[in-house]
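Taken one at a time, structure 1 and structure 2 that follow are two forms of one protein chain, written as structure tokens.
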Structure 1
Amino acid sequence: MKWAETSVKNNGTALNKRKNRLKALLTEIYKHRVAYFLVAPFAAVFITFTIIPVLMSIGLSFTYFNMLEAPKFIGFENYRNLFLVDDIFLTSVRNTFVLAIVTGPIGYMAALLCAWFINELPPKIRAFMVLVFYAPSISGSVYLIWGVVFSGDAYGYLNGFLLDFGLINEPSKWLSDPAYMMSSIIVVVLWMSLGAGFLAFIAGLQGVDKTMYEAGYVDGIRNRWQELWYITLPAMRPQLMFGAIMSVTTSFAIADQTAQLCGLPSTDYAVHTVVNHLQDYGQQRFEMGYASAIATILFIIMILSNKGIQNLLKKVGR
């Protein structure tokens, strides 16, 4: 009986704590009601077109749904088939991680270093160089350009260059031979990686308080690398986080580059990515339950990657 009375007392205490927290939350919302009112339209759009579709996708991943019949609950069968039956999915996971590991960190560091160097230039030259470096991410004909560069005949720019200098005896199939396809795609992705992250780094560098450098030199900063590590990077941590999230998102979402340049599916699935697999089942086979399972796994991978990068960025400047 004494144990039961203690249990009832603890439950009552926990309930009171929840009520107090809810009351404090409502009080805080009412206190900042103008701010919440201004944010409400964006929040409504974000919830409607992002949160709800993600939750629906997770729910559909446990069903068989062909868009003609009502979804049929099948439990974890989609996930079991993905990891135990679908060899192409495992190939796409491997290709995605290869592309993400190679292009993500290299593209991120290249964007940061380019922004740092360009920030040291005079204002007019800096503005021109920013436009030059940002252009690849907004160029609409990028696949046409790279298609000509990597063309498999002797008229392709790369083959023509190598043949003229006697480095190869016959044209190479850069976009259809599995031996060269991954390398070709990595080059294209790296070229396109100087985008929003690069602009964020430039903005972050411009926003660093100049008096911090003077204080840093008084405290013992001796060279530009120490200045970068102990002052510049910690001061632009929000921009670093934004660039990292953009880098992770784009590197794990690589699909258009492979589909446009190498086809869907590519030869021997040499550059078939998880998003390509998702497009195959979602847009061509209309197996939406299976496609939702693929999207859910990709979502989990990206969440874990972002968490790992956040932990790494916390060590910057320490």
Structure 2
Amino acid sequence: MKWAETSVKNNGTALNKRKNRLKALLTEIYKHRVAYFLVAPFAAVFITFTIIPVLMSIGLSFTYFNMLEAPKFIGFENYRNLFLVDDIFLTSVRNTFVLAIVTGPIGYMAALLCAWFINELPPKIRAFMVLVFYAPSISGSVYLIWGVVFSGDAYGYLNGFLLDFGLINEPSKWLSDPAYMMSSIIVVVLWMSLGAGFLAFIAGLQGVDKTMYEAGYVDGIRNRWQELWYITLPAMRPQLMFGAIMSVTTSFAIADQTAQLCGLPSTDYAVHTVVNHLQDYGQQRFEMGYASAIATILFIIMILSNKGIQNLLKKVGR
């Protein structure tokens, strides 16, 4: 009898506690109602056109869906096929990692250093240099020029140049010989890499408090590199984070460069990336279930590398 009484009592207090917590949450929400109003327009569009499609796509990855018939649930079969049957997928994962590991960090460092150097120039020269450095991202004819440079006959700029100087005896097929394709693509990707991150760094450098530099000189900062590490970089940590995430998303999503220059599929799949594989199944074969499974795996890879990079960035200036 006694036992039953205490249990009822306990139940009562637990319920009360939960009720109180809910009440506290509601008052907290009410207190911030203006904030919810400010977020609402963005949230509505973002949920409709980003979150729901992403969730739908993850759901579709467990189905067979050819866009004509209703999706058919097949469990993990798409994933099993990707890893056990589809050799080309594994090739594409390897290529994606090679491209991301080479171009990601180099592109990020280049964008940061260039932005930093340019920021110290006098305003007029500075504005001109920013335009020049951002040029590859503005001009749409990016692939046109690289097609001419890497053209496989003696008339391509690179072949013509190398033949002239006697460095090679016959023209190399830069974009169709698997021995050269990867390096050609790396050059093009690096050349295009001064994009969103670069502009954010340029803007971020404007916000660094000038008095901190004066304090730094007094405290005995000796050269520009110490100034960069101890003052500039810690002050623009939010921008560094932005640049890093942009760098992860662009370097793991390389696809246009390979498809435009080397074709889809490229010779021997030498520069076939995960997104190329995704385009192949999603836009050409219309196997949306399989394409969604590819997208989901890339998603997981990108989230993990993003976590790693965020941990690295915490060490800046320490």
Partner chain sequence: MGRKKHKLKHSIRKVLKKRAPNRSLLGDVFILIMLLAIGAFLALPLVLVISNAFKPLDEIFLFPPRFFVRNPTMNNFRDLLVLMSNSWVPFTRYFFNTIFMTAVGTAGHVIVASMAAYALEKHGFPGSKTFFKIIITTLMFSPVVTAIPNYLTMSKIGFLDSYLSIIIPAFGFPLGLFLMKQFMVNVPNSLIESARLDGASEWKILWKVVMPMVKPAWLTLVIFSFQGLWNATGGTYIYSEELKTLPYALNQIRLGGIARQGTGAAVQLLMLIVPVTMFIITQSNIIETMASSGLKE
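FYI, numbering is relative to structure 1, first residue = 1. Being a predicted model, the structure only gives us computed values, none of them experimental. Superpose the two forms; the largest set of C-alphas matching within 1.5 Å is the rigid core.
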Quiz prompt | Which of the two shown is the form predicted on its own | solution = 1
Quiz item: Quick one: core overlaid, is T27 moving 2 Å or more at the Cα between structure 1 and structure 2?
Solution: yes
